[in-house]
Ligand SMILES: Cc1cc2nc3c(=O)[nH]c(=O)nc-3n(C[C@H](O)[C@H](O)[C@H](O)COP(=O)(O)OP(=O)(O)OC[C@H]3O[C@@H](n4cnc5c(N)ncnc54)[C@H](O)[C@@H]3O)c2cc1C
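This document starts with one chain, in the form predicted on its own, laid out as structure tokens.
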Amino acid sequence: MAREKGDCLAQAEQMTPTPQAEHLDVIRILGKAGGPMGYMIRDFLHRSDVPFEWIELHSEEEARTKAGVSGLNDSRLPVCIFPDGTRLECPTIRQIIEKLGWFHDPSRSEYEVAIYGAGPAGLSAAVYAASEGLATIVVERSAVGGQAGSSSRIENYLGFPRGISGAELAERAREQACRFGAEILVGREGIRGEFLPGKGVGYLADGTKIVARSTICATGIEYRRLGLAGEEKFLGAGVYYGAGASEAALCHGNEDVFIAGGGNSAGQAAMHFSRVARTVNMVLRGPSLKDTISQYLLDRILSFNNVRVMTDSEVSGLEGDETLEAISITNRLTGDCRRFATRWLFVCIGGDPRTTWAAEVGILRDEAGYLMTGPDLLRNHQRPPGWSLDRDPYYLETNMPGVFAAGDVRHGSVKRCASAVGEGAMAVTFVHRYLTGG
């Protein structure tokens, strides 16, 4: 049962989405298989730890009788029915956020710290900043939790010996930050910024302005695409980015799942789908999993009979009409190409940082677009050009005084959940020093 806490998101008991779920106090989503909008809604609700039931429509008659639309190709699908009876037809994520009561404007004209991104780094920064009395606001373009929120299970995070889902960890962190007084704006995207001495202004896509004395950028990375013909067409209709935890309940035991990538997120996805799919096939560009995955995951993957690892290979083609029907996989050593029938391809090949805005305001980035901070800004012991303070940049500070970076978006960061949490907390320490003139 959802309950509101001021500026916080609604708290909800987690429920696994399944077509066989009973009609409890959950959001019901009615749509056809392979619909990209249906996937976007399921993914958002799952990552937001909101209970829902997915009802898949298989015929024109079911579309008419269950969803109240003319047929499976009706533009009003998917239909969302909320516990209070409210019906939204083909809703946007923004409309769902508004219906859940999560959409609001900033309560202050100015904050001491503005945090962009509500993944592990941003949520950690919010907890520590708000708990220490700083007026704190967090801006998140999508769902709280970032990419970690889509993970089916995080098993190497300190204090959770049996593991915890990314969505649950994010929800706990969100509630903790809100208890200390942090404000979290969900479904709001920052598009540009202006940074003056002692004050930064972030402009959101809807025209809202966020004014703050300091800024922490924790925007993470954008999933990297395969770059194949038809990729956009199949997004949410057979091709998914990330671990795809929201989709496991829809995969049947006679299906073959393919995962492109060999990192920990790909490994967790393989373990998750191995419980419901006939086979799970990991497609690696390299010769082995040993160099890219944690040992505990490697041991488990090798112990499962239905998990296969295809080394020195890459996905080279996508086939299908409205939904994905088959993929091609090419061996990078021999050039041999094989075709596999499937309607499930999960892409976990890393990502690129969301830092276009930084280049526009003069914040330094490395060749890959990651934000440069601290010692990495010094060249021959010289401070970066234009640096206006009589001290070196703090460890997580960019070349713009008072603007900090934490987590995956930062040059040289360790791409692990625990590392992001640590950097978020550390960034607040430097924010304090900056605000007090230390």
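Please read all numbers here as calculations on a predicted model, not as lab measurements. Each residue number is its position in the shown sequence, starting from 1.
The form predicted in complex with this ligand exists for this protein as well; it is not shown, and the discussion that follows is about that form.
Of the candidates Arg343, Arg365, Arg141, Arg300, Arg141 is the one whose heavy atoms come within 4.5 Å of this ligand in the predicted complex; the others do not.
Just one of Thr292, Thr311, Asn156, Gln95 comes within 4.5 Å of this ligand in the predicted complex, counting any heavy atom, and that one is Asn156. Among heavy atoms of His272, none comes within 4.5 Å of this ligand in the predicted complex. Shown alone here, Ser150 lies within 4.5 Å of this ligand in the predicted complex, counting heavy atoms only.
Although the partner is absent here, Ala420 is a contact residue: one of its heavy atoms lies within 4.5 angstroms of this ligand in the predicted complex. The closest heavy atom approach of Arg174 to this ligand in the predicted complex falls outside 4.5 Å. Remark: of stretches 276-284, 261-269, 87-95, 317-325, the one touching this ligand in the predicted complex is 261-269 (heavy atom within 4.5 Å).
For the stretch 210-231, the set of residues having any non-hydrogen atom within 4.5 angstroms of this ligand in the predicted complex comprises Ala218, Thr219, Gly220, Ile221, Tyr223, in sequence order.
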